[in-house]
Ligand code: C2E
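Only one chain is given next, in structure tokens, and it is the form predicted alone.
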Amino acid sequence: MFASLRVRLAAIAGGLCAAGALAAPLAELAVRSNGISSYPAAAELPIGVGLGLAALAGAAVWVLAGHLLRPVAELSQAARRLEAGEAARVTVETKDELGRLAEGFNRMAETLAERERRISRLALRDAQTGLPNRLALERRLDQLQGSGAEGVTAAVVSVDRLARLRSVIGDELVGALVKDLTERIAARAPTAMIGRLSPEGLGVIFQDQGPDVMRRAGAVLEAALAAPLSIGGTTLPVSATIGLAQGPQGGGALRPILARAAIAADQARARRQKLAVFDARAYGDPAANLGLMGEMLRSIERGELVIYHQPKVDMRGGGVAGVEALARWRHPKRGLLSPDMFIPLAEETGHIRPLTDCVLRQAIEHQAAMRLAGHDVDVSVNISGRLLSDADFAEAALKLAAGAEGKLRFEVTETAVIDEPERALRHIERFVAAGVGVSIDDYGAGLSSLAYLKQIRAEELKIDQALVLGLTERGRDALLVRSTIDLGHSLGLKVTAEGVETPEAFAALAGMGCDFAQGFLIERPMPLGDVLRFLEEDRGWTRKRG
């Protein structure tokens, strides 16, 4: 706009010059042709003078245009730079209106730059603690990757039960606790970058080379968590779960290791450990897992999800006392899939409901087939804790159980009632009232609670295989198993030991008064046809005891 205006002014000036050049001869011609002699000055005016005057006028206009338009053009260019996010400043030495306009523009540009710097700082900081946030940690990993740094390790420190602690001591003191923990880590690893990933988690980036990098990083974090924290004059014992992940050797993207460290923390929590290194094999292929879940419903419809049965034997009277129905997936491309590959995914994605419905229907059908073959055995089905408080599932399960031709049992974990105890316990009462037996599964695998144990109307207690496998090797495990058997009997429950794999373990359990045994010593999980053959044998499992 300013350039075109200047061109126009220049054109005007040029026009004035041309007009001056033509004015003198035209005037002289007019005077002489009319015989006018009273204007000798006009007639005698030199042509060069007129031309000079016109040129002087054009030059004056040109100078005036440059004086006015140059600072305006500079302001226009600076405004474009400011709009593009670049630094912008104009220098105008005049004290007139244009100078004051330039000063105002410079002040505005400085204010905007300072505001942008403040917004950038806020974007990279946790609002509560002022610590670097996830974006800041990710940018640091990008910088290390760009510089070719090696020996980079990421850690995630997830403070246990911090959400519940917040409801007790308040958000401000929780923020102080997080900052105190950060200072402890910084004191032991001064070169590490520490940030807040979430309300419950810290992220730490170590750059350390040499052997045992992961072990040293874990030792630093465990030492920082060893002593109780002092918050608001009160000492609080704080526990945390730590996940570690190391950068790829020989270069590669570093940003993903922060997410892998968070996954490692989840893996540690699932294993009931305090620290774990990212296990790629256990994590698997997320894209393949997602595809697997997408196939599950179609596989159920096509009959590819089937159940196997593992027998349970009576340790006193002999014979098969029942079978446990276990889900298996006969995948058309990947073969027979272990339940460890798809049941946890089904629970997380909500597919556990149609999966359990499928298992329950098949268990009832197989029980009828066993009864038709002359074998009246109990059939147990595992019920996920995510379904135990689901009223719709409870109603549907009771309708299916009503059509069973024998005794059905629902196996639940005692921790399954913790989230919604009133509703879960109410549904268990309905199952029992309808004649469905209830077994408490995996007892001893986690934090067992006597408070819930005494409230669950169960008739069987199943000792987790983690205790049974070490029964003959570790005296402490033997003591725990014996105490659990006595506890179950004192509560009026039958006790089943899972994971019985050796004759020595079987004999030890029998001596402790255990009621039932289940495990590879008796038989592995098997399809219906093999179960029917097993039941036809005269206590076929006794051969394995000898």
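Residue numbers run from 1 along the displayed sequence. As the structure is a computational prediction, the values presented were derived from the model and not from experiment.
There is another form of this protein, the form predicted in complex with this ligand, and it is not shown here; the text below is about that form.
- At a distance threshold of 4.5 angstroms between non-hydrogen atoms, S158 is out of contact with this ligand in the model of the complex.
- Although the partner is absent here, Q310 sits close enough that one of its heavy atoms falls within 4.5 Å of this ligand in the model of the complex.
- At a distance threshold of 4.5 angstroms between non-hydrogen atoms, E498 is in contact with this ligand in the model of the complex.
- Looking at L144, you'd find every heavy atom of it more than 4.5 angstroms from this ligand in the model of the complex.
- Heavy atoms within 4.5 Å of this ligand in the model of the complex belong, among the stretches 219 to 227, 464 to 472, 161 to 169, 292 to 300, to residues of 464 to 472.
- Contact check at 4.5 Å (heavy atoms) against this ligand in the model of the complex: all three of A327, L355 and N382 pass.
- This chain appears without its partner; in the model of the complex, the one residue of E429, E422, E395, D340 with a heavy atom within 4.5 Å of this ligand is D340.
- The single contact residue among D390, D126, D441, E138, judged by any heavy atom lying within 4.5 Å of this ligand in the model of the complex, is D441.
- Along 138 to 164, a non-hydrogen atom within 4.5 Å of this ligand in the model of the complex is carried by no residue at all.
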